[in-house]
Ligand SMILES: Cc1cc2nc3c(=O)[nH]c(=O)nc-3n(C[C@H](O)[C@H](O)[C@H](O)COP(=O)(O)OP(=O)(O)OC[C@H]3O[C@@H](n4cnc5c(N)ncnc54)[C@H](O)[C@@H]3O)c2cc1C
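Single chain ahead, written as structure tokens, the form predicted alone.
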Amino acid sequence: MSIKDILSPFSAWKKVIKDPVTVKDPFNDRPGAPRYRGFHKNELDKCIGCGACEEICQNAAIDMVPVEGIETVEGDSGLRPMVDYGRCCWCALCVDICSTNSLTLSNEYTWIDSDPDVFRFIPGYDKKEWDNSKLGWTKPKNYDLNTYERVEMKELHPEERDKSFIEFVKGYSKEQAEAEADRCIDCGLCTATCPAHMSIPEYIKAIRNDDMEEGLRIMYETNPLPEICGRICTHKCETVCAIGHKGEPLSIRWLKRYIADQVPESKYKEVLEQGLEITPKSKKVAIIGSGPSGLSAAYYLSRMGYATKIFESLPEAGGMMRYGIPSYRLPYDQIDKDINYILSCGVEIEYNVKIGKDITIEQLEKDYDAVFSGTGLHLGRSTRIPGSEHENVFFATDLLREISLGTEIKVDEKIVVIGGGNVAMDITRSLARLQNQKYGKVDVLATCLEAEDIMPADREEVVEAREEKAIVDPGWGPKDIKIENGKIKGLNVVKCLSVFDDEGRFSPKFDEDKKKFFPAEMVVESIGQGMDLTYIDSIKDKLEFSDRGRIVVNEKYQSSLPWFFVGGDIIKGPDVINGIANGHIAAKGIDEFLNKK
């Protein structure tokens, strides 16, 4: 031991003669440092109630609770975090994980009260003196626990796809799917927004666990068409994704497709029917139309034990999914994969049968205990402008159906499409491919009333149409089709200033002085789709109709005729996932009706 070691303890004696440091007023003389982690603050208007803060808290100090004055709406659970300071350790992980940056910590750390219950409070709702404090802990810049950039979906390059109808979206690899699934914070806002209320966080978790069979089972609880939906779903769920508030929302649609793609059709029965026991019932159900709502209703009714038969007017099943969506977006073999499994469950389909012509609706009522109709929107709508009656003016719905049937359609060198929705983009891109095959060049133009920022088509469809050399020129109203010597020369248009009035009603206004002329030999109208209800002419007087001409149904999709249920596009409009959802609900309603009967 050195002499220094011996003398060092005595050096402390020099402190004896120094005055002690005393903080006489610790509440005011000891403020927290500017970045101190004190009590929570929350901007209630920015918070979406995703629950990521509750999920990450390892001390169970946060509970999501309902708050008076905050409603549950799309993209907002209506819940807000309540913090228990008997458990909180001020680690700030709740702040760091917050996807909207609504949650922060003040630098206030002193709070004295004799009532222990007050130390459980809802930041932002239970007003506190530190609510306006600008100091404290906020998420540092360029520091995130979440990944806000989505994994890119690979596609065929435009020059590889612009002459072909093969599928151009390649799908995720295992590594890509797992990386994208890792971005999910398990908030569940997507499930609430999905029309079918699919358990989205649960099937995404199955991807992380590399258990595709479990993912498929979860999807089939609410959606029997995952291959189809994984390609052409309108994915409203992605619009409310919590991650989307700061970056790109999760690619939920592509993750759904990934799961369905990984399980071969030959394993579906083994995976989906393990432990399943079905008690056959004596009653029978007829279904008109094999679109998404009809297939969904048939599948769930078959799981309940009902003998179910679909009557389809076309040669193959799928409705507008097969006859209205091009195969480069939705390949026929993927449609068949979903439909074949439904048929394997005992569902029958009779093709090329038109109800009202080959079989009357009264005959169905007589032969079956209940009837579900989901006949879709197969009719085109006309602009009725001068010249629209010309033989070289077509409906997009008719052309898309003929292409799906393999029929050769008329394709001129110069074509104008009127419409700005997804169907308009589908026919524009299909015609561009056919022009490229026939003439080695593309000369098709799509125009619509809406300006580009409010076009109803998905943005990706517009971008891809332009990549495939089609022209999209929105914001113009069709005036007339110019015809000379019996032949179409083009379309006259005027500038559209607005589409809707102040109350949101369709009431377009134009600047007649701003004009354009689009040369064309052929015009295709794609301004909406209509329903053909002639098959129920004989029972129309017994049904109730809305002002828009739709059949009125209750929450179980039951019409005023108790045995007649109606769903799909003719009730909810053109949307596959809505059709699947109301087909499922109608199946439950039919089950209730037949049990009471």
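Nothing here was measured: the structure is a model prediction, and the numbers come from that model. Heads up: residue numbers just count along the shown sequence, starting at 1.
One more form of this protein exists, namely the form predicted together with the named molecule; it is left out here, but the text below deals with it.
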Note which of A242, A298, I200, M321 lies within 4.5 Å of the named molecule in the model of the complex, where distance is taken over heavy atoms; exactly one does.
M321
Which pick from N107, S344, T234, T191 sits with a heavy atom within 4.5 Å of the named molecule in the model of the complex?
T234
Give a yes or no on whether every one of I325, R329 and D575 sits within 4.5 angstroms of the named molecule in the model of the complex by heavy atom.
yes
Can D426 be called a contact residue for the named molecule in the model of the complex at 4.5 Å between heavy atoms?
yes
Partner contact for S313 in the model of the complex: the named molecule, 4.5 angstroms, heavy atom:
yes
Close approach of T308 to the named molecule in the model of the complex, 4.5 Å, heavy atom
no
Distance check, C187 to the named molecule in the model of the complex, heavy atom within 4.5 Å:
no
Counting any heavy atom within 4.5 Å as contact, can you tell me which stretch out of 333-341, 112-120, 77-85, 373-381 lines the named molecule in the model of the complex?
373-381
What residues, if any, in 280-295 have a non-hydrogen atom within 4.5 angstroms of the named molecule in the model of the complex?
I288, G289, S290, G291, P292, S293, G294
